[in-house]
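In the block that follows, a single chain appears as structure tokens, in the form predicted alone.
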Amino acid sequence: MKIHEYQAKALFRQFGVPVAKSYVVEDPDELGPVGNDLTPGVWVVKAQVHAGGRGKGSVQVDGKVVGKGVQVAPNPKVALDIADSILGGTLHTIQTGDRGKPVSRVLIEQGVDIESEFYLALIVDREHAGISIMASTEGGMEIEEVARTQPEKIHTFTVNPLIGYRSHIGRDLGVEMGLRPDLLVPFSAIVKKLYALFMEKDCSLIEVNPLVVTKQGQWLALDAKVTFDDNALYRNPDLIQLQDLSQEEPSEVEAAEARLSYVSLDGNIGCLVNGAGLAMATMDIIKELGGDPANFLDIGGTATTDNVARSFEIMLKDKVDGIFVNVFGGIVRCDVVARGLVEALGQVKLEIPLVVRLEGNQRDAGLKLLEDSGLPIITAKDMRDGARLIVEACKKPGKGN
């Protein structure tokens, strides 16, 4: 689960990580009272959306660009004007796609005199079975580009959760980065506090870019990105209230409510599959044959007729040009899937190609249900045949084109 920057910084404050003074505005009527608290000087206005690249992205209101997602204001009045102009708009960045993300909140943060910028992140590292802490002197830059062109500037230490954090870790990272002696102790303290936050709240990622040292020698987290492990939210139920559903794809929200694994993509061929591995293989073979998947949809191994029908309805709302149902019956039976399809199609008029491949548990019974339904369903003999049939049937360009 993702949260906004202002929410992540509230957690930083709770764990003692230093951040700049800031105010969150959700309604233009709040700008007046906030303005009374803004001191003279530079302020930075940041659109609060679940996407990176805000500084390069553009905010649009009624189709007109009104500014970028992150803007520097020379004084409080300009900051308030900027906030007023982008509130209620839609931010478009390289990560949001054509739809963009609604700007329902802005963060007005006090500007600081920056001496140095750094990158700091903690992430679950499955390869090394631990929590990897990454730090770099190349703060403010795209870390992927740094990793590609200057990998020696990224310093990493993996913490074994069974052993836990040790005080030397932050100090060693600081030394590797070449920090001045007077900066080592406060840097090490920040790393330790972020690790405590990571473990206590079951995070999957904490990223600070940039983490800065001001000209006054103060460390500040000028940005904050935090995501949580969905499977562990039951241990921190208070975090669920931080979720902003307006930032999520409506189809993905609906699927989550139905306990389905659904990710919307940019293609035009809907995929209904049981099992994550089979879903990935299905998307791969569609791509190999020249098609473009519109989603990742895994109905799982315990799907019911209702789940299948709901899955089908969600895909149709996502405006696909065709659907490929690829099911290997094991725990979930092919006749259950077939019955769900028949029920779903009984409620809508199908105007796009539907290819179904069934194999495994109760395959024959499932195929008979589809045949007896009289519905316009194309059955395939195997996965490759099904992928070929749906790709050939979908001649329109994908949603992302």
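Note that residue numbering begins at 1 and tracks the sequence as displayed. Model, not experiment: these values are computed from the prediction.
One more form of this protein exists, namely the form predicted together with a small molecule; it is left out here, but the text below deals with it.
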At the 4.5 Å heavy atom threshold, is residue 281 in contact with the small molecule in the predicted bound form?
no
Using 4.5 Å between non-hydrogen atoms, is residue 350 touching the small molecule in the predicted bound form?
no
The small molecule contact at residue 321 in the predicted bound form, heavy atom, 4.5 Å
no
Does the 4.5 Å heavy atom contact test between residue 222 and the small molecule in the predicted bound form come out positive?
yes
Spell it out for me: taking the small molecule in the predicted bound form, does every residue among 5, 140 and 209 have a heavy atom no farther than 4.5 Å from it?
yes
Heavy atoms within 4.5 Å of the small molecule in the predicted bound form: which stretch among 114-122, 192-200, 157-165, 272-280?
114-122
As a check of understanding, the residue in 70, 367, 31, 61 with any heavy atom within 4.5 Å of the small molecule in the predicted bound form should be identified as 70
Scan 227, 90, 110, 305 and let me know which has any heavy atom within 4.5 Å of the small molecule in the predicted bound form.
110
